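Single chain ahead, written as structure tokens, the form predicted on its own.
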Amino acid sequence: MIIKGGVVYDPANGVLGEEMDICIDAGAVAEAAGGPTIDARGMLVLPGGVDAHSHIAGPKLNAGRIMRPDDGRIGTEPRRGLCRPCTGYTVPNSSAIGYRYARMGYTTVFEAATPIIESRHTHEELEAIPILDKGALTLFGSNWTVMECVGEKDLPKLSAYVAWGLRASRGYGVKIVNPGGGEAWGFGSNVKGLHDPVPEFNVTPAEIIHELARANERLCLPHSIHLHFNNLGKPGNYSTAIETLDLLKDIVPSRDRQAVHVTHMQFSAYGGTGWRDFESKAPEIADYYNKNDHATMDMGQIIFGSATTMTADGPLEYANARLLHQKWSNHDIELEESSGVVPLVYIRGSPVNAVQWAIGLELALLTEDPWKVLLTTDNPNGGPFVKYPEVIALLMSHKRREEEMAKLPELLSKRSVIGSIERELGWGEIAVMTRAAPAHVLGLKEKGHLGVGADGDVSIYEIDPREVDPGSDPALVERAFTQAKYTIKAGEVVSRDGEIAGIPQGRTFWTDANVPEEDMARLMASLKEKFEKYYSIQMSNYMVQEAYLSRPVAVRAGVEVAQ
């Protein structure tokens, strides 16, 4: 395939608005190719979109679907053409997830959190999502074995468990959610700060985070630790965020990437002593990122309207349900995690929701380097992923932000600085935040760019960036990003003018990390005892077999790779 004459933005290779051809051969970008030609003259050409943090698979999705029959009736599409029926808006069915991402020009999406014990189901749902390449991040933050290894100060054994857990779950990276809090929740409690001991384990969140980060780098994993802070969603939590980031300054990355990726930072940039004096602390967080280079973040932008919050932070969801008088689902996951699901609505007339809306935008606009901020809504916690084009328009247009602020409470101007920010992001910066940076943060070398050898994933949008001023015409920008003219996956057109034209089975990335045999042997001896005493299933039935992944891509890592 040859894509002729498009206006290409490929920031990873220094291409910013050049009119050029893109050749794809055997599913990858090539120097030359034959075959069909797509005329992209006067159109914006980008690498396929990469979403590094989205809740798209696993039991929590099904809990959300069960709790929200009203949501299931939104976005219903009958079977037509190549497409299976679609249902749902904030928690759509698996088919709808694949089709809707592809229509927007996205080709790679990562599930944000899966417990090891429930990963079979996660992979069953990932397999049911058409078109997209994907992977899943494995939860370790409140795991019994992790906390025991941390308490014993046994880094080799902890590294062995992380390697074994990734292999058992066919997971891609280390996800940490409210470290220690999931286990404390089993006792009806929570951890309130970095140095609050976890009941029965005599370790602190600070120790869990730091040692998992050390294990991550000892194993030379492609992605850094992926961190959901303690005290997330609580007024005044920005101080916990900065304290935690400082804790990780001494971590030296084993690969060309960050030492920590902080997810949905909007929910951790809160000031105030309670909801009555709640305010944005995005300027303080952005200032920290402008002065330090060891961390990245994603926005976690909220969208006004319906959302379905779901997280391994069980105490947070209980608090949400009680605060908002909403229905609530809670789940305790054996020796590994807790979780919760709460449907809610973000309301324009709510001062708290208005400030939350402002915080996500402030983080992206005040952080100088777009490579440090990924565009997300923490789907579906802040809102559904189909609203990404709205977020792009808000970031590119001061005019659009002013129009939205006119609908919001006057108190917003006193509790945030969004009204004073005139910065408008450009096409290249949006390409970084939605393509190049997510791929780099995840360690996916063939994603997020259009250099020779990259995956042949391309998005073509019917808008000419040389002619359109996003600041003046944000509606045109939002419309273009809502529906790609063409989405190309590994050289195959999968979406054309919003119609699904191909439904290939995507690949699943996971990390195969090796450790010394003696470390694994010590680990397996203690794990065998745990399964016999505590787990509801046998170890032989615990691991995700290769058969659950129809197109696996195993990324090599481990102590040997690091050396």
Partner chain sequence: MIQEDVVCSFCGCLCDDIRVETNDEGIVKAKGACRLGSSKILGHGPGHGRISKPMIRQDGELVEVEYQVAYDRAARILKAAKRPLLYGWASTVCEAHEEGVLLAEEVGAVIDSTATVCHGPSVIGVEEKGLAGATLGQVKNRADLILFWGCNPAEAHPRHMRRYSSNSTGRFTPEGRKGRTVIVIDVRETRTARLADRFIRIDPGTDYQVISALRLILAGKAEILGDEVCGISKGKLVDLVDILKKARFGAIFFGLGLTHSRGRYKNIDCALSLTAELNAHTKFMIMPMRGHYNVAGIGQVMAWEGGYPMSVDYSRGAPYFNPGETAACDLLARREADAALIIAADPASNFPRSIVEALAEIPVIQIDPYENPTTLLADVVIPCAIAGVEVEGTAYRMDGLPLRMRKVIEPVHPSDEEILKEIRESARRLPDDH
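Everything numeric in this text was worked out from a predicted model, so none of it was measured. Residue numbers count along the first chain shown, from 1.
Not on display, but discussed next: the form predicted together with the partner chain.
Here the marked residues F267, N292 and E390 all miss the partner chain in the predicted bound form; none has a heavy atom within 4.5 angstroms. Mapping the unseen interface onto this chain, P156 falls outside it, with no heavy atom inside 4.5 Å of the partner chain in the predicted bound form. Taking the partner from elsewhere, Q538 is found to have a heavy atom lying within 4.5 Å of the partner chain in the predicted bound form. The partner chain in the predicted bound form is not approached by N514, whose heavy atoms all lie more than 4.5 angstroms from it. By the criterion of a heavy atom within 4.5 Å, T87 is counted among the residues contacting the partner chain in the predicted bound form. Listed residues K192, R167, R120, R255 were compared with the partner chain in the predicted bound form; R120 is the one with a heavy atom within 4.5 Å. Out of the listed residues E403, E200, D250, E368, E200 is the one that sits within 4.5 Å of the partner chain in the predicted bound form by at least one heavy atom. Only one of 60-68, 519-527, 27-35, 495-503 places residue heavy atoms within 4.5 angstroms of the partner chain in the predicted bound form, namely 60-68. Interface residues of 316-339, taken as those with a heavy atom within 4.5 Å of the partner chain in the predicted bound form (partner not displayed): Y318, R322, K327, W328, S329, N330, H331, D332, I333, E334, L335, in sequence order.
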